[in-house]
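As a starting point, one isolated chain is supplied in structure tokens, in the form predicted on its own.
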Amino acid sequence: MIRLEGISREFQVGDERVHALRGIDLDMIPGDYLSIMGPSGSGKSTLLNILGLLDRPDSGRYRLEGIDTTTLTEPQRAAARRERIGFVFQSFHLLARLSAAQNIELPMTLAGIDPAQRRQRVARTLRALGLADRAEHRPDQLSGGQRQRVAIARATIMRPLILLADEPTGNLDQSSGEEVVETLETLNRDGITLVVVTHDPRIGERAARRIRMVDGAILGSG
């Protein structure tokens, strides 16, 4: 489903040219559970941005379901993100003025899905994540773990093929972090492809496949 071939990415920082990714080759099949680990500046987030079609490589090819994404126009890339990719970030990125249910519903609203169908899917998702009694709460009325579960629900409500999680437990205590990881792993067992970037080796080692990055290259995998 996913194939990276010789992916490289460079950035100009002042007078210096920084090699963020160096000839990355990576294959993933549907239902994979992959963690990406490594020190700060190793290229983890750049790789995640490439996978999420938020950034373009300078060279190489990224094939998603057989489609060479490096040839897509920006509208086509936006459509692929909307239909195939879900994102979970460390800082939640929920809209403060919307309730939990409204935050989850937002991607479907933007996609023009029928209101009745939206409400049914939101209610079902809230129940599945143990958030039914928090549906009308705004983000500032939720705990950190609850906010991240709302973010996960929003990221998966469009039923994407792949879920990209960038330090999903970074702002959580250990107990809340464990709940969030278990939520992500439940989604993976249900068939979604899961990629987790983390500094925490306890979380990284839980993945079925693990890669370690150093200086923009994959140093090892397991």
Partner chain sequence: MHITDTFGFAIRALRGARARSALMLLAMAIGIASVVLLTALGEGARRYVGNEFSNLGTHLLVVLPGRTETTGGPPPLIGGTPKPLTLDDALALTRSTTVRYVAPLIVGSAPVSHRQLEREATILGATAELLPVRNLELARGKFLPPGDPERGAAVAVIGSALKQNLFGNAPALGRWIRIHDRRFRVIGILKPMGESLGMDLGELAIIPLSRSQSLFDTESLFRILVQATTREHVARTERAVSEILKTRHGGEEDITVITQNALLGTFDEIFRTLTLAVGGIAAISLAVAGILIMNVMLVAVSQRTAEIGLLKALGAPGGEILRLFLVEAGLLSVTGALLGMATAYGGVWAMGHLFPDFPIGVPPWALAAALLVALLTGLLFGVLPARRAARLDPVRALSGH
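Residue numbers count along the first chain shown, from 1. This structure is a prediction, so every number in the text was calculated from the model and none was measured.
What comes next is about the form predicted in complex with the partner chain, which does not appear here.
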Q. Does any heavy atom of residue 139 come within 4.5 Å of a heavy atom of the partner chain in the model of the complex?
A. no
Q: Find out whether any non-hydrogen atom of residue 49 is located within 4.5 angstroms of the partner chain in the model of the complex, and reply yes or no.
A: yes
Q. So in the model of the complex, does any heavy atom of residue 109 sit within 4.5 Å of the partner chain?
A. yes
Q) So, in the model of the complex, is residue 146 in contact with the partner chain at a 4.5 angstroms heavy atom limit? A) no
Q: Could you tell me which of 190 to 198, 169 to 177, 31 to 39, 49 to 57 sits within 4.5 Å of the partner chain in the model of the complex, going by non-hydrogen atoms?
A: 49 to 57
Q: Determine the residues of 81 to 96 with a heavy atom within 4.5 Å of the partner chain in the model of the complex and present them in sequence order; the list may be empty.
A: 81, 82, 87, 89, 93, 95
